[in-house]
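Take a look at this single chain, the form predicted on its own, given in structure tokens.
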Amino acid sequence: MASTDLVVGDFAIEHAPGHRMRRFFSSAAFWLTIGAFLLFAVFPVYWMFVTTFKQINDLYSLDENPLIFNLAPTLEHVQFLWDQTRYPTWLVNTVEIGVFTVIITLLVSIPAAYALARSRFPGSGTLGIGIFLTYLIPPTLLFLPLSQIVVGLGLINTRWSLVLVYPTFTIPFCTWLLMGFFRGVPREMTEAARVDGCSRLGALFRVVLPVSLPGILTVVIFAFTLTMQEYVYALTFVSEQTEKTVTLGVSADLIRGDVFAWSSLMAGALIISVPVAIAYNFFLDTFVKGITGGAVK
């Protein structure tokens, strides 16, 4: 009888006018917040899309709605980007630089992070924090000494100068991030691998790295994205047309004085950003797990 009364009481409370109003306002506030964040995230992509395919007369018309296609869409700005500029070359250079930077970052960050996470020596914690703090040094303070190194190695005006320079800001953060993952791997697992005959290096490759795969994927995504969007070093070390990256080439060749080729600029940004957005979407869970897990552990 008491159980029946409890169920009836809960039903009455749930269907009371005040309770229903609170649920309505709570749900409305939730969806309005989600809608605001969604608008904030999607609007830049939508604006790039509309600007890319708008005709010139439609783009610069002050009497028409700028958020929609008032005239038929056109591909002339995309064709101009591909046929009249070196955008395909810049795109290949960007991908090539990003791949080599990621490889160098992994080759340095993985052993460094594993050594700092597993070794116990005076100042090991301070050293790990110090490595991370080097990531926070502004590029404007580093490009002058780095330019001396680039010139000395004969790499000026080549994309290989960026392959040399970019790991200076990808390695510190990625090392700090991987340290958190390696600390989260129980020592018992590596000790069991050592008992089974694995060396320290074998335990790293057979036990630690498979368990830390979310962190490694996070490092790959993070390092590649950083190199893709970097501008200061590219502007400093590269001026040859065939060696430029997308960020440098588009901004340098499609902005002439006070004349901006907005549609082609947006087309260049849209073409390179869509694949990255798709990659983030596929690896979103892994990326979030990597950032939060590595930072908290």
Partner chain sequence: MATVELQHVTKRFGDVLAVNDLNLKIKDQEFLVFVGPSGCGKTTALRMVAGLEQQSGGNIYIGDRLVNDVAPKDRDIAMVFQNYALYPHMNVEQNLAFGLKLRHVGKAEIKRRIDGAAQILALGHLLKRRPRELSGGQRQRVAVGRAIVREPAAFLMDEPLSNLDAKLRIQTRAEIQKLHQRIRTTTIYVTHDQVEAMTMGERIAVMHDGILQQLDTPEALYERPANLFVAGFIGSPAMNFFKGKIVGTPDAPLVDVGLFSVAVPSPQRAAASRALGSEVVYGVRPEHMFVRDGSSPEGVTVEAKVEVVEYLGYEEQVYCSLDSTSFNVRLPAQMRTHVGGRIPLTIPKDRGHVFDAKTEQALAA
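Positions refer to the first chain, counted from 1. Because the structure is a prediction, the values reported are computed rather than measured.
The protein also exists as the form predicted in complex with the partner chain; that form is not presented, and the subsequent description refers to it.
Residue contact check: Asp196 to the partner chain in the predicted bound form, 4.5 Å heavy atom: Flag for Asp196 set to yes.
The partner chain contact in the predicted bound form: Leu155, any heavy atom under 4.5 Å: No, Leu155 sits far enough from the partner chain in the predicted bound form that none of its heavy atoms falls within 4.5 Å.
Contact test in the predicted bound form: Val207 vs the partner chain, heavy atoms, 4.5 Å: Although the partner chain is absent here, Val207 would touch it in the predicted bound form, with heavy atoms inside 4.5 Å.
Leu106: touches the partner chain in the predicted bound form, heavy atom cutoff 4.5 angstroms: Flag for Leu106 set to no.
Of Leu75, Met189, Leu71, Val92, the one that lies within 4.5 Å of the partner chain in the predicted bound form (heavy atoms): Among Leu75, Met189, Leu71, Val92, a heavy atom within 4.5 Å of the partner chain in the predicted bound form occurs only for Met189.
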